[in-house]
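In what follows, one protein chain appears twice in different forms, each by itself as structure tokens: structure 1 and structure 2.
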Structure 1
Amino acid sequence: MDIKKTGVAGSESKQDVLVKVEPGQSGLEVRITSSLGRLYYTQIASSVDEIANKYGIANAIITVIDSGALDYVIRARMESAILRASQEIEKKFYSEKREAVYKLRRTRLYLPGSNPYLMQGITYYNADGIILDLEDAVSLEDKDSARMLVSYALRNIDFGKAEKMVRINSLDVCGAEDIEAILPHKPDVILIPKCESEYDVKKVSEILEKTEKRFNLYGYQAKIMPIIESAKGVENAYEIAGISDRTTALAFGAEDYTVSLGVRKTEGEDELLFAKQSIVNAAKAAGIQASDTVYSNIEDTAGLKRSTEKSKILGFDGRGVIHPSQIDIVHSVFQPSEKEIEEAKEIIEVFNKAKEDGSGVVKHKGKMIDMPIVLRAMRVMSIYKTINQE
């Protein structure tokens, strides 16, 4: 094993040992200092050599400052220092997925795929995603015409920084025909309505793959956002989220969900809590985003804000909107507050300082800081930076 940088483990606290492993020029140089003098020098040296040989360390400088540690402590600190010096710990905790730039999906605005007038404002709406809807917003007799209009819109309209999204029809209606018409024009995300099982996602994925090959769309892969709108879909949320690597988020559709339950949608949304928590948990377990349902009362801006604040608390990354007037309100909720940003900066700074000092104990304002808290802070900063860049 190569020693690529300095790795430190342990401390100079009582009954502990501080071990530092650094790159060396030639051979193994061991420097040992013990609070017990020369009494246990030989035993410490033997343990250090044994662990170094275990990992095949040939060139390194190893410094050991012992404060009365037992042998198992010395061996544990030695191994930790070596692993840190070889960067294996960093690879384990800082995967490429966690370092990825956060994708803003605070809002996805639905526009009827049959209405060219509304499409003309796409550049000015400022939504993170624009959904050209071929499903509920289009009557059955107009679906062929809407499909053609959407395919031309994808080619000719500037979407700015917004993701180009299309909600197709279910496959048992005309979803395959929708894919055939729009995919050559490379929408970013395909929304699957009324998704109830992994089969729905699998079938759409197969059609997408075949269509991409048929049109020679090399280097392009459409993403999928299943919309869960029924009790069955909620029960199968995790399978739906994890069956395809195309799936980038789960969305929730509350109107059809309440119908499947046989209940009315209320202002307090108590009847939606189980479904929302299930969808968020399934999405995050699969490593993707979760997007909440639309808020249908366009006039009730206060209600929209309250509902969106609950969405954020539950773990949603954004929500659907049905009118441009709702966009700024939703963005204001999902925008990290000044307090959240300042706290995140402090946590990351304290964590990085502890890493430099080789300390495994991180404190911030009297509280212990562990990895989940650090990752949450990193996510806040990633959202903040992405918003500022855009």
Structure 2
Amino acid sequence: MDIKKTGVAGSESKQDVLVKVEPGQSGLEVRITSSLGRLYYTQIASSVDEIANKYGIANAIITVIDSGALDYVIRARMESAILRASQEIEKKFYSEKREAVYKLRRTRLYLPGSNPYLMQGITYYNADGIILDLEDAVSLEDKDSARMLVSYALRNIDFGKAEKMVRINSLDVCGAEDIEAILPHKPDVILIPKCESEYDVKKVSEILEKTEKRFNLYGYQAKIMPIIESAKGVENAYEIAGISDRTTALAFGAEDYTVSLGVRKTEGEDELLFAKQSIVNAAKAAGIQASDTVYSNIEDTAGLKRSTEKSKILGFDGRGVIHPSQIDIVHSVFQPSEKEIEEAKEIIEVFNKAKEDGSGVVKHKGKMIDMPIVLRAMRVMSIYKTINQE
């Protein structure tokens, strides 16, 4: 590949690296400076060489200004810079196998897809899901390098027990390119922003189908979580929830929703009640989960707790979080209370006993117990057991 113009990717902020690829005449000229002096010089140089070779670059001036970036970040920035310099978009990824497993979905943590410093904690955030965001957190001119960094992050970072999630852009922005770039790295869930109709989900589902086939991703199927964030979306919530069997949960986005209503968010969240109940009802009717909107005031932990308690009452299975410090608070709310656990244990016990005895009537504390109550008790116990395995 010939480098005909200059391509730059990355930044000089902490744990990132700035890579500049320029046309050159006589071979590869690599200039490396690092905040860590020469302690990683050889490794940085070899990663730069490796990526340059992969693209068959014979002549170029490559300037690397490192601020303590990990190897995967260096490689991602290097590839982005080359692609920006050549304007060629090539698929050169290899993916590793990872089975998507069902997880608790109490929290899904948003992290900007462009910031390696915030990504370093992914292994240790105990959120149930981690969303690498390509949409609102990334500026238009950085979409390509964020896509590359997210691809590398999906492949290189240990997500622990958390589901790997990516929020792509709307299809009318660059959602299709996002899917194209990240799917080979097998994210568990794709979040579709600003879903207004079943068509939005159907289209994404088709692209996922095609892309999975094209990359031969056998045995892997990306799940979908549509985010409803407009009045129209709320009206179409049931159709959105039901159109694709990839859809695993509906999420709510309150910021844009209030704009579409022409109202402001208030402390009591009265303006959100209809949307929240509609979304929970649509999701449950379609047999999937519902995830509430984020709570945007990071400082107000008491407010977060109150709001989350309300989410739980309304029937949400969890919510979005925008800072790791919110995770434990949300988890503590969705953790079944001791009373709930006690009650669930008793119900399952009397149910089992009634089954053994062949009795058709199940009673607990004088009240008749029917099947939905037993199922709810079983769900409480299964959440409790999953949490206590952690």
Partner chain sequence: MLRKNAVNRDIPDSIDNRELHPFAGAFNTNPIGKRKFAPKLSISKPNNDKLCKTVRDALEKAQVRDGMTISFHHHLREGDAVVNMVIEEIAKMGIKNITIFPTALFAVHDKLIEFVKSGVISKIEGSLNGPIGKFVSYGNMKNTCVLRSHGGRVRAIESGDMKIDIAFIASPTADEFGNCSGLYGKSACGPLAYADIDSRYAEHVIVITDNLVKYPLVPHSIPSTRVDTVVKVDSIGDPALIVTGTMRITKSPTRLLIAKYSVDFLDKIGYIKNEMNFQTGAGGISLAVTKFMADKMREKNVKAKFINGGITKYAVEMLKEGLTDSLIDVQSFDLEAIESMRSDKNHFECTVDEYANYFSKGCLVDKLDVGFLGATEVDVNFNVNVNTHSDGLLLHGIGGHQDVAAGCDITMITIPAYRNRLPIIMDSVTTVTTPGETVDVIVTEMGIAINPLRTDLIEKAKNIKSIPIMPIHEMKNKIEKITGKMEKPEKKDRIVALIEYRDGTIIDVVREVAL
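Each form is matched to the other, and the largest set of C-alpha atoms that superpose within 1.5 Å is called the rigid core. Predicted, not measured: the structure shown is a model, and the values here were computed from it. Numbers follow structure 1, counted from its first residue as 1.
Of the two forms shown, the form predicted in complex with the partner chain is structure 2. Annotation for Ser80: C-alpha shift of 2 angstroms or more between the two structures, rigid core superposed. Core-superposed comparison between the two structures: the C-alpha position of Asp71 differs by no less than 2 Å. Superposition of the core reveals a Cα shift of less than 2 Å for Ile369 between the two structures.
A C-alpha shift of 94.6 Å is found for Arg31 between the two structures, based on superposition of the rigid core.
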